[in-house]
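Here you get one chain, nothing else, as structure tokens; it is the form predicted alone.
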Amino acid sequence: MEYADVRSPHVRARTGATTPAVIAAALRLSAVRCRHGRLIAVDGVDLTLAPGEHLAITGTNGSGKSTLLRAVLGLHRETTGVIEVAGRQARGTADWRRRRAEVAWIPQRQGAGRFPLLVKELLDSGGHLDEAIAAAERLGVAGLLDRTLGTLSGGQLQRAYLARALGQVAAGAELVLADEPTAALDFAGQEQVAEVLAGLAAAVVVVTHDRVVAAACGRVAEMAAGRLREVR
């Protein structure tokens, strides 16, 4: 499925587009199925997300939400079906490497890294350090740039990964995948993150139990037993 060009002006300028064009869906899933051994975690999911659309996925723990996001990034090997980002499938190592650069990723269980990675190094990995640092300032973690990830609290780590994602969007990512981005935050932090995500011109898929975050999305879907059902 194709859509009119609803990308933000700075993205169109960066890509050289001066007039509206027809572009591919930000994300298209067709008959996606993921297994954990014999267990089917994601069972035949179909989804099309237009550029700039925001979708919240809700549901109980173990319903397949996180597995679905990981499959988009090629982080779940036992996956079948069609997964397209901006009209492209990833078929090899180089394709998956490009996809992980093009899709901003905020994981639920943020890794501290095998080596003592600094917050500044994490932000730099998003491809636009200046914008990531500016985001870190807005999110209240700019004073932690020289700290290692392993020394941060859960809330600080979530904010750092969100700042990196904002840097990725500035660098050209037009899809953001966020897995429970407010789980370790207090109410004020949850509202701030919901506002930041809602303000993104990029397409967003956010897995969340947070009603504020879900309410800020234009579309809401519920996942149960591996199946996805849109409810709004």
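Bear in mind that the values here come from a model prediction, so they are computed numbers and not experimental data. Don't overthink the numbering: it's just position in the shown sequence, from 1.
One more form of this protein exists, namely the form predicted in complex with a small molecule; it is left out here, but the text below deals with it.
- The partner is absent here, but in the predicted complex a heavy atom of G62, alone among G172, G62, G44, G189, sits within 4.5 Å of the small molecule.
- Only one segment in the set 34 to 42, 164 to 172, 181 to 189, 198 to 206 has any non-hydrogen atom within 4.5 angstroms of the small molecule in the predicted complex, and it is 34 to 42.
- Contact check for T80: no non-hydrogen atom falls within 4.5 Å of the small molecule in the predicted complex.
- In the predicted complex, the small molecule lies farther than 4.5 Å from every heavy atom of S125.
- In the predicted complex, none of the heavy atoms of T148 sits within 4.5 Å of a heavy atom of the small molecule.
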